[in-house]
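Before any questions on how it binds or moves, here is one chain, the form predicted alone, in structure tokens.
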Amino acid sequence: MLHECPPGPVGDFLDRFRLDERFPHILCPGCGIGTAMGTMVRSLAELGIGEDELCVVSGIGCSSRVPGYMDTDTFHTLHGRAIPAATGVKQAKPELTLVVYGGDGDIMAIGGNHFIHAARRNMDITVFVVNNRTYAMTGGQYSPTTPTHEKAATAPFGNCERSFDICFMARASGAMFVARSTTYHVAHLKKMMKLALTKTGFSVVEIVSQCPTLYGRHQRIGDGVKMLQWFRDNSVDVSKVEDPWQEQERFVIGVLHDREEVPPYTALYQRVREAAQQADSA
């Protein structure tokens, strides 16, 4: 490491990064991914989840570069394959806290089918989806979450497709815990992340994040600060709406779905293994 971290909370925070050739990072000025990454690391530190108890898995994209900056067990996989890779790690090492960290394109497009079936199986994995509504790393093409009519490098006259609601998809597919926050609401985001990390089963937090370099530029919103102000003005807490799934004017933040009754896949699979071993020895 390039320098010795100071003692106390700041030192504990910095100790969790690889402060070597990985830094300075590749993120653009004003990008929200750094905010989301820092908030995740603080959540892990405050929960007392140590580096030896954690594995962070990602695919391809700007958000998926995050595990490479962390000093813990990490797994940088193929495009869209973070969830099946994390599934394999969880089956081999069920005692680990498994976090999948990626963007809307990686997780909801090429990785969409894996997302659905991991939720259906109730894999004991926490998925943080950074939703900046664009394929940022490859030039600003529209993604599964780009709103209809909004512009992108591959939609200069507006996107004519309907967009995925990540949280709705997670709930419908069987996730145990579903929440949404933004990179403007940092304290709120940390609360949602900590709740997700302490749940058993498939947990999802959608992190609405700014990409001023591409998404913001195509929509002519302005810089990162302008985008954060837009998040502030166009979001509403779940406690202030009657039905979060029917809200049309603003996007809803908070815990949108929370259940406990379905056992995680790792527990069910272990029962099958034990039954097979008993049958084999009979």
Partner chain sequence: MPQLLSGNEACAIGALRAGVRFFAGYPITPSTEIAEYFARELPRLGGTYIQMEDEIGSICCMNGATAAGLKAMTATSGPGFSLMQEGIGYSIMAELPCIIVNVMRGGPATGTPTRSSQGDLMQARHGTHGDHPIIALCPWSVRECFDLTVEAVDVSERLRLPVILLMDEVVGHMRETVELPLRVETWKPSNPRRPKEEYFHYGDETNYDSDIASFGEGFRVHLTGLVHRKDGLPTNDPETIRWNMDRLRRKVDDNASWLWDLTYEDLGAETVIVCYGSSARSATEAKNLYQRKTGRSVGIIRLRMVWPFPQQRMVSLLRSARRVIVPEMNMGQMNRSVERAVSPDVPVISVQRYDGEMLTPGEIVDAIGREVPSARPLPEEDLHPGFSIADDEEF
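Computed from a prediction, not measured in an experiment: that's the story for all the values here. Residue numbers count along the first chain shown, from 1.
Just so you know, the form predicted together with its partner chain exists too; it's not on screen, but the next bit is about it.
Chemist: Tell me, out of D52, D237, D243, D233, which residue has a non-hydrogen atom within 4.5 angstroms of its partner chain in the predicted bound form.
Modeler: Selected residue: D52.
Chemist: Considering its partner chain in the predicted bound form, find the one stretch among 156 to 164, 190 to 198, 110 to 118, 177 to 185 with heavy atoms no farther than 4.5 Å from it.
Modeler: Of the options given, it is 110 to 118.
Chemist: For a quick test of understanding: in the predicted bound form, does each of T87, L96 and V272 have a heavy atom within 4.5 Å of its partner chain?
Modeler: Yes, each of T87, L96 and V272 comes within 4.5 Å of its partner chain in the predicted bound form.
Chemist: Spell out, yes or no, whether the shortest heavy atom distance between G32 and its partner chain in the predicted bound form is within 4.5 Å.
Modeler: No.
Chemist: Contact with its partner chain in the predicted bound form for G38, defined as at least one heavy atom pair within 4.5 Å: yes or no?
Modeler: Judged by the heavy-atom cut-off of 4.5 Å, G38 is well away from its partner chain in the predicted bound form.
Chemist: Should F168 be counted as a contact of its partner chain in the predicted bound form, where contact means heavy atoms within 4.5 Å?
Modeler: Looking in the predicted bound form, residue contacts with its partner chain do not include F168, since no heavy atom lies within 4.5 Å.
Chemist: Contact between E150 and its partner chain in the predicted bound form at 4.5 Å, heavy atoms?
Modeler: Output for E150 is no: heavy atoms all beyond 4.5 Å of its partner chain.
Chemist: Just to make sure I understand: among 72 to 94, which residues lie within 4.5 Å of its partner chain in the predicted bound form, judging by heavy atoms?
Modeler: The stretch 72 to 94, when checked against its partner chain in the predicted bound form, contributes T72, D73, T74, F75, H76, T77, L78, R81, P84, A85, T87, G88, V89, Q91, A92, K93 at the 4.5 Å heavy-atom cut-off.
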